[in-house]
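To begin, one chain is listed below as structure tokens, in the form predicted on its own.
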């Protein structure tokens, strides 16, 4: 049996595969070491713990051994990636990154969160969804707000105070509520302490003070859903990191969603969130709808 390897040991092995100049080691030796690395991580139960950077290092090492056809895992020879953040690498057009309106909106999101999550393409999708929704009748709702990274960027982008709309922001403002985490999620280690959330209601309240017609509703979903005083919703963003409150929110708001309304699911395709995806797929399927999987890990649904 292969010697047990940890992700930290994987870094050491992958780095040793390249000499200091960056030129590839002998192909046979390289392949043998990679085989040992991957097999050892698998049998020791650590394979799924590899970080994105560790996976990319292994892919590059495989390329150097001649096991990948192109000069890059994603790009033809001579073409550099245009985007490499948040688990997404692309060589396709990403000029939105330089668009002044986007830059200003993303900066407002950073100001709200107090840090940069490097979610630019994810935010780009959110801004498109908000722009689409702003042409419809109805209110905006976000379930899972924290300090307001996405919603602040959105309000900046839409020049929110010039719109005659309401935005309802629902959250515990202190992380997950243990009562509303599915058993399937608890089985993989999901808990109230997951994701490192902390008390942030006052920070959120101050952050949104400049915007009109914004209503912060504090408490766990589904208990707070009836506090949303709206019969027409054109935009629904779900980002609660566990299935039961997201299912409850989509079911509650479904009849209130106007035709063409956007439902954006933040965690839909993210690693470790498979139960959320299957749960939301079921809710959509029961209503004759299909959720679009996006490479940003989001899910997108336009109500027909």
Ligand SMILES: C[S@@+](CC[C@H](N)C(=O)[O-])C[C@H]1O[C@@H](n2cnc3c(N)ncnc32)[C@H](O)[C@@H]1O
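Note that the coordinates shown come from a computational prediction; the quantities given were computed from them, not determined experimentally. Numbering follows the first chain given and starts at 1.
There is another form of this protein, the form predicted in complex with the ligand, and it is not shown here; the text below is about that form.
Q: Is residue 148 close enough to the ligand in the model of the complex to count, meaning some heavy atom within 4.5 Å?
A: The answer is yes: residue 148 has a heavy atom within 4.5 Å of the ligand.
Q: Is residue 180 close enough to touch the ligand in the model of the complex, meaning at least one heavy atom pair within 4.5 Å?
A: Contact with the ligand, yes.
Q: Would you please decide whether residue 128 lies within 4.5 angstroms of the ligand in the model of the complex, comparing each non-hydrogen atom pair?
A: No, residue 128 sits far enough from the ligand in the model of the complex that none of its heavy atoms falls within 4.5 Å.
Q: Wondering, does residue 236 line up within 4.5 Å of the ligand in the model of the complex on heavy atoms?
A: Outside the cut-off, so no.
Q: Using heavy atoms only and a 4.5 Å cut-off, determine which of 132, 101, 174, 206 is in contact with the ligand in the model of the complex.
A: In short, 174.
Q: So which of 201, 117, 215, 211 reaches within 4.5 angstroms of the ligand in the model of the complex, heavy atom to heavy atom?
A: So the residue touching the ligand in the model of the complex, by this definition, is 117.
Q: What stretch, of 136-144, 79-87, 156-164, 226-234, brings heavy atoms to within 4.5 Å of the ligand in the model of the complex?
A: Contact criterion met by 136-144 only.
Q: For the spot marked by 197, 221 and 245, is every residue within 4.5 Å of the ligand in the model of the complex through some heavy atom?
A: Yes.
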